[in-house]
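The chain below stands alone and is given as structure tokens, in the form predicted on its own.
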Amino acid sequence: MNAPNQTISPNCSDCPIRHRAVCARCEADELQTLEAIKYYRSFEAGQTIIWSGDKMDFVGSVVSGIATLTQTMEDGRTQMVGLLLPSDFVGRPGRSGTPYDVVATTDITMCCFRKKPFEQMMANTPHVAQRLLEMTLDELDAAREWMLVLGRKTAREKIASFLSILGRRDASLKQDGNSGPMVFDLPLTREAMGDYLGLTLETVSRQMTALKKDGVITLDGKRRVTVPDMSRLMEEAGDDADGGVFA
């Protein structure tokens, strides 16, 4: 694993993902316990955070930035199988490694916990284990939703689904209750979006342009996206506009 840069860790009470992270229900004394076993790691865009098969001596949460999960076949072919967004949990208590390469797509900061003490805290603090179970089930639901996206949706619906997932997650982290236009940055290049969605670069570019032309989104440069009406975007994705926030 590449040697990361370490930064000074902020207080848990000031954490931007506090309400969504594995520690969301921790009381003050439990946060103090976590403070004693945590450290922050920062990675630059393009840096490998974890190699497939590496032994992991930590678990943790993405605080800021985006990472990809990629699986490599024996013949060298690779497939992006998931994204890690802010508040997503990395690693599995009780397992020594990971089957995926985890690569920073943007500059990323992770709040890491030493694995053995964290596992002990889970045993002593049931609601931490319960919160992790809920997050794991949300992850399973997301994977099943993504199977539908890849297996049944048109190219336009795939792009709209991807944008709606990013937009809803961004809104849930901000907790600002803003009902106006939604603005966020794309974490992937269009080529990487194509890899993730099973589309060519040309198709991704064509569909993004079409959504912009039809007023579903506006673009500022290649990465900044504005969604004037989220329900319209979700209709384009073939989803229920009342479906709630993507977990």
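We number the residues from 1 along the sequence you see. It should be emphasised that the depicted structure is a prediction, and the values quoted were computed from it without experimental measurement. Take the two forms, find the largest set of C-alpha atoms that superpose within 1.5 Å, and that set is the rigid core.
Just so it is clear, the following notes concern the form predicted together with another copy of the chain, a form of the same protein that is not shown.
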query: Exercise: residue 101 in contact with another copy of the chain in the predicted complex, heavy atom 4.5 Å; finding: no
query: Another copy of the chain contact in the predicted complex: residue 187, any heavy atom under 4.5 Å; finding: no
query: Distance check, residue 53 to another copy of the chain in the predicted complex, heavy atom within 4.5 Å; finding: no
query: is_contact(residue 92, another copy of the chain) in the predicted complex, heavy atom dist at most 4.5 Å; finding: yes
query: All of 106, 117 and 162 with a heavy atom within 4.5 Å of another copy of the chain in the predicted complex; finding: no
query: Region of this chain that lies against another copy of the chain in the predicted complex, out of 54-62, 189-197, 37-45, 205-213 [heavy atom, 4.5 Å]; finding: 189-197
query: Partner contacts in the predicted complex for 107-131 (non-hydrogen atom within 4.5 angstroms of another copy of the chain); finding: 122, 123, 126, 129, 130
query: Threshold 2 Å Cα movement between the shown form and the other one at residue 123, rigid core reference; finding: yes
query: Flag for residue 147, CA shift 2 Å or larger between the shown form and the other one after aligning core; finding: no
query: Rigid core fit then residue 136 CA moved by 2 Å or more between the shown form and the other one; finding: no
